[in-house]
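Shown next as structure tokens: one chain only, the form predicted on its own.
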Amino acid sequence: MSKKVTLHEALNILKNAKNVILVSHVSPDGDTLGSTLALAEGLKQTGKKVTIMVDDVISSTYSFMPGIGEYIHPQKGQHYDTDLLVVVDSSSLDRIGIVEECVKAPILNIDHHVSNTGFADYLWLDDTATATGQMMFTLLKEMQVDITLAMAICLYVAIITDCGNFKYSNTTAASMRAAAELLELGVEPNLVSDFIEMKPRKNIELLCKVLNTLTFFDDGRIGIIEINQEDYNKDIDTDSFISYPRYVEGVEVAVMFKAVEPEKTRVSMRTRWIDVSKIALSFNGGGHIKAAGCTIEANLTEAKKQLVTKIIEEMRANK
């Protein structure tokens, strides 16, 4: 299990490393990307050698983020030497993909997920934080580095994407205060929103197909959409698709299945009341109480059967 550390202990661990690798999780979202990019810039200001990695494709949605082109995508058989590996916004080791094999170094995990498995050597965890980006903003201020406009944009993206532009239940006064400070540093929320909300035509074409798969279970309390392997495209950002079953009247748990390989299905869950992080954890995934995900080593049909059964069990147990 991890040694839990405070903000200032995490800061000291970072200060003592000269060469640092930062890694974002697979299926990278705005929080892991924005948090990583902002920390990378802050560490560079203090004279550190910094490398940022992700073992997955980054959606074009985030192509506007300053520094996004600096990400390295490690390949099997490669090895990278470093003093410290910082895992950003990940609750379990499998979320860093092949980086686990490519980098052998002490691990500092900076995270806000209640389902964190304690896989790292050191863990700075704040499960009350709206986003890891909120934690990172606090860390960077304690580092007393110059928080540039580029860093502010990345931190703002991290915060708003994890709380749905302040409409999800994890929105707090602290996250809104952090966002306000970032606006004072020059972030223009309308421009960020325009970038994030703009969708390529292929996204909308895929959405039309996915909506035709909408099905319901347990008297309409579970709403499901799915992307089969034939339609799956790693270059298409599908994160927003789950909002469609989520906001159907009567749906209490929304699920999106993605058949990324013949025997590998990625799952995203959203809920109004049960703890889906517990369900995700049972499949070696994780997340938040009301928003979580996992990867099931099974085909789409079998994965759907296993997960729906588990959701129904959890709903019955928590009546």
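All values derive from a computational prediction rather than experimental measurement. Each residue number is its position in the shown sequence, starting from 1.
FYI, the form predicted in complex with ligand AMP isn't displayed, but the following is about it.
Stretch 280 to 288 is the answer when you ask which of 280 to 288, 33 to 41, 46 to 54, 59 to 67 has residues with heavy atoms within 4.5 Å of ligand AMP in the predicted bound form. Shown alone here, N109 lies farther than 4.5 Å from ligand AMP in the predicted bound form, counting heavy atoms only. Contact annotation for R246: none of its heavy atoms lies within 4.5 Å of ligand AMP in the predicted bound form. In the predicted bound form, ligand AMP sits within 4.5 Å of a heavy atom of C294. Although the partner is absent here, S91 is a contact residue: one of its heavy atoms lies within 4.5 angstroms of ligand AMP in the predicted bound form. Residues of 106 to 128 that come within 4.5 Å of ligand AMP in the predicted bound form, judged by any heavy atom, reduce to H113 alone.
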